[in-house]
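Below you'll find only one chain, the form predicted on its own, shown as structure tokens.
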């Protein structure tokens, strides 16, 4: 445990350092490339440079650790006893277009199980760290939620047009019954920060048609540590540990501020 705590302290420091150049870069017009000609999936040199910096800084101290990173080569990555799951810039479109509302997301897996999550809201300089069975800290201060909404009619859930399309095409599920049962819905465009908002009680749920492991791994630890929960949909097709078998396969994601809220969202998605 002491060794793992030292690892986390080191990587939190690395994460903060990785964010410094991004604060300045976000003030400029940025060049980007589209991945596989996908109009909504873009990458910048800053994604690649940030990922490279984080991995190199961890490898200097822990050369035997494994990595699953968004911009890395799958043939050169894989799970080991200690594995870091890295999204160097979650919310690249926000980074390019807005210069804010993006995050560095890093999860630690130990023996193929999620153990810790780091989500750094770069422009707000908010560092969230969650450790399994130990708690959550925001900027080094312990954090506990003050309230939890348990009713859909009072809830705000993140759902996008892309999520609506994905659930309809991939699962034959219509999300409108859920949308119309809510107080409101939002679309922040950055999974790690959205899940962190649920963890803090600022949102009640999240429905996404396409997330990768690096999008949700770190924030997922934080969410569960604060009493929330999430699943890959449909649940029966994703047995425990599914992400270890194929970390590069996207999932449909549903998250809730509590297990009760998660179940209510699921029930409403199954309404006809």
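Positions refer to the first chain, counted from 1. These figures come from a predicted structure and were not determined experimentally.
The discussion below concerns the form predicted in complex with a small molecule, not included here.
Contact with the small molecule in the predicted complex, defined as a heavy atom within 4.5 Å, holds for exactly one of 49, 210, 65, 224, namely 210.
Although the partner is absent from this view, residue 89 contacts the small molecule in the predicted complex, with a non-hydrogen atom inside 4.5 angstroms. Among residues of the shown chain, residue 106 is not one whose heavy atoms approach the small molecule to within 4.5 Å in the predicted complex. Taking non-hydrogen atoms only, residue 189 approaches the small molecule to within 4.5 angstroms in the predicted complex. Although the partner is absent here, residue 243 is not a contact residue: none of its heavy atoms lies within 4.5 angstroms of the small molecule in the predicted complex. From the list 141-149, 165-173, 190-198, 117-125, the contact stretch for the small molecule in the predicted complex under a 4.5 Å heavy atom rule is 190-198.
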